[in-house]
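First, one chain by itself: the form predicted alone, in structure tokens.
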Amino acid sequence: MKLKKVLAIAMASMMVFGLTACGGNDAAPAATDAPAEEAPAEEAPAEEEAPAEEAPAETEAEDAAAEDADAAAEAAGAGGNIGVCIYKFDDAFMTTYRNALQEILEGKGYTVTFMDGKNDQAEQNNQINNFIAQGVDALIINPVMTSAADQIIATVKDAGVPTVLINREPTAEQMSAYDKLVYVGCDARQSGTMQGELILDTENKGDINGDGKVSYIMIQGDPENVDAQYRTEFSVKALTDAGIEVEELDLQRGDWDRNKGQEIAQNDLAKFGDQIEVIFCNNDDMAIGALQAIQAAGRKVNEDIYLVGVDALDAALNEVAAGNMTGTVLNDAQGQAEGAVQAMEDLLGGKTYASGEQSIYVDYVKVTPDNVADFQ
């Protein structure tokens, strides 16, 4: 009996233990479900982190905007490397021109390097090749010799460098070899014509001694230079077109140089004396040299001799205002420099030029004692 009771109690205890164990197993899923019900709370940090995930996109947008700004700045000129070749630095007019170019280019953000050709075409050819090797974005070239235009054009064309030629103009046929090439300058025929008109505007149309003809000497720049050729031809042509008879007493090469202008005029004044009624000079620097010879010979400009130049250099403007030069012709360095930079930027922007459309001209202006104050 007692044994039966013990077994019964034991059996009951095992049943209670089994129920407790089953209860523990049921509780485990409940404990596991609780975090599942709290899952939204765990997702909240993910929602808070969303802006952080968008930050790289914002950074990329800012970087893209910065790149666009840089591209726009570069298109406007910032960062471009420009090589400029000048035929010689000590030319008075090209000094004015060079200073204008430098101010404009640097003001637009370009890095610009100027080279002095020293009036040596071989030297300038080396400078052009060096610029190309350095990878310049564009070239502005004032050729030493227009006769070297074919070689210069072939060099820049082979390198594919956009190029602006200034001051000394090749022929249209030479220019047509390369569609990323443009000339910016003045039409020298116009300057020559204006020199002749300055003489025609005098009270005796240049015939000071009244013998029915105008006797002159011509002090030419470089005879290979088209500007020198046209100024020489068209200054006299303006007189003959007006029905004036002319007599050329002398024509000599002065190479645009003041000292040479002085020397030529001095020798001719000694040789021809009062026969000389007009001295034509292809530029102002030679005219100022000629003026020194005129004054040393005891002659008086606008009374017994006329003197004209081209460029409207400050020194010449002063002499026109003082009555020591009959007149000059403004060669607009500032206007040409602005035009050259604009043409260069057009080329950098992808513009090309068809044959016959590659020359851009800036007008000359006659300068006389009546309007000289407008240019000083």
Ligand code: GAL
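Note that the structure is predicted; figures quoted are calculated from it, not measured. Heads up: residue numbers just count along the shown sequence, starting at 1.
In what follows, reference is made to the form predicted together with this ligand, a form of this protein that is not presented.
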| property | result |
| --- | --- |
| In the predicted bound form, the one of I128, M194, L105, M94 near this ligand [non-hydrogen atom within 4.5 angstroms] | M94 |
| Among the candidates K180, R299, R168, K260, the residue which, in the predicted bound form, approaches this ligand to within 4.5 Å (heavy atoms) | R168 |
| Distance check, S215 to this ligand in the predicted bound form, heavy atom within 4.5 Å | no |
| Contact flag, N225 vs this ligand in the predicted bound form, heavy atom cut 4.5 Å | yes |
| Close approach of T326 to this ligand in the predicted bound form, 4.5 Å, heavy atom | no |
| Contact test in the predicted bound form: W256 vs this ligand, heavy atoms, 4.5 Å | yes |
| Heavy atom distance at most 4.5 Å to this ligand in the predicted bound form, all of Y87, D311 and N331 | yes |
| This ligand in the predicted bound form: contacting segment from 105-113, 160-168, 120-128, 241-249, heavy atom within 4.5 Å | 160-168 |
